[in-house]
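Coming up is one lone chain in structure tokens, specifically the form predicted on its own.
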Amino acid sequence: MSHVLHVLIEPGFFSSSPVRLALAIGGLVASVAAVVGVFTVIRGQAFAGEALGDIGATGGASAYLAGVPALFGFVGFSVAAAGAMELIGIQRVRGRDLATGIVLGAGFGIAALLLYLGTTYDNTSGATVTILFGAIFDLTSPDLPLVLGFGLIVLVTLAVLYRPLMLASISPELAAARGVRVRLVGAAYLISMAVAVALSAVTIGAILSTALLVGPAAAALRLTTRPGRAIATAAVIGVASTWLGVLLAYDSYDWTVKHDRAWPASFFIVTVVLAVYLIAGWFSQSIRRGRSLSA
């Protein structure tokens, strides 16, 4: 067993400060994204999550230009985009794609300008790759309390809104009939999703941030239909996928000739999430097939 672990885990993995920080922040972000992601899948708002992640690139670029932590830019622009979607009409099912598309197009245009300015007029070498695809090993100690604070805000909000949000997600008409302020609850959820996507963007980049939001949740809902159990399962899948991705990225230093450059952690994390989703689908189909044969 020790020999197997020695092969899988390269020396210095647990003693490396960047690795420990990546594991801590990555685990926190994956947990928050998984909780929000279950509601995202149930409500059918994966496209909105993708749009908020892509728009986060605008915030990341503006943060680099302003010289402030990228997380503030990701959160600020994602929340602003969520508010714009709500005002345009994302609370109505037929208006969701329209509102998302309009805001996404505007966000991409601004992001293109800011990224251009960052690469031509400012000394932000590598900023574009970091913003779009993440750099989890480049996170610093001050990022940890920021991620923890934003994550707690999201989790507390969802805990308070759990019952009305779940009812509004399953049946908005029934929720309205029972006195739930569906639009207000939906707006609070949308802002929570924006923050969760922004946190994901800090770890695996704006373009890939939806992978942590939707992937673990979709895999969990393939395994169970109970919301509480799905949330717990999604959190476990998200954290395990992130930690395994960090481990593989660290090990990849030895996969190159010069041993001085690792493969992107975001690539491994997204690949593991996809693999788990496919395995969960195969497992759920096998269970249903077995039940049908026994019946």
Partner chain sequence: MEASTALKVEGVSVQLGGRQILDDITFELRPGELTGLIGSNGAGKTTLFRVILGLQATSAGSVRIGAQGERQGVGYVPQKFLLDPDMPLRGRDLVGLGIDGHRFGLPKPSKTRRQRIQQMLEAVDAQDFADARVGQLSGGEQQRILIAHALISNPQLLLLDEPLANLDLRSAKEVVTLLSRIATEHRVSVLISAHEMNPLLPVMDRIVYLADGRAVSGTADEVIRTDVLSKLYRHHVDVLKVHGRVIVVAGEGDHDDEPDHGPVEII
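Residue numbers count along the first chain shown, from 1. Fair warning: this is a prediction, and the values are worked out from it, not measured in the lab.
Here the subject shifts to the form predicted together with its partner chain, a form of this protein not shown in this document.
> Among 205-213, 167-175, 190-198, 78-86, which stretch has residues whose heavy atoms lie within 4.5 Å of its partner chain in the predicted complex?
Comparing against its partner chain in the predicted complex, the contact stretch is 167-175.
> Using a 4.5 Å cut on heavy atoms, which of Phe72, Phe137, Phe133, Tyr162 is close to its partner chain in the predicted complex?
Looking at Phe72, Phe137, Phe133, Tyr162 one by one, just Tyr162 meets the 4.5 Å heavy-atom criterion.
> Which of Leu221, Val147, Val154, Ala127 has a heavy atom within 4.5 Å of its partner chain in the predicted complex?
Selected residue: Leu221.
> Is Thr225 part of the interface with its partner chain in the predicted complex - any heavy atom within 4.5 Å?
Close contact exists here: in the predicted complex, Thr225 approaches its partner chain to within 4.5 Å, heavy atoms only.
> With a cut-off of 4.5 Å between heavy atoms, is Ala230 one of the residues that contacts its partner chain in the predicted complex?
Taking the distances in the predicted complex, the answer for Ala230 is yes, it comes within 4.5 Å of its partner chain.
> Looking in the predicted complex, any heavy atom of Gly179 within 4.5 Å of its partner chain?
Judged by the heavy-atom cut-off of 4.5 Å, Gly179 is in contact with its partner chain in the predicted complex.
> If we define contact as a non-hydrogen atom of the residue within 4.5 angstroms of the partner, is Ala262 a contact of its partner chain in the predicted complex?
Because no heavy atom of Ala262 falls inside 4.5 Å of its partner chain in the predicted complex, the answer is no.
> For the stretch 39-58, return the residues whose heavy atoms include at least one within 4.5 Å of its partner chain in the predicted complex, in the order they occur.
In sequence order, Val41, Ile42 come within 4.5 Å of the partner.
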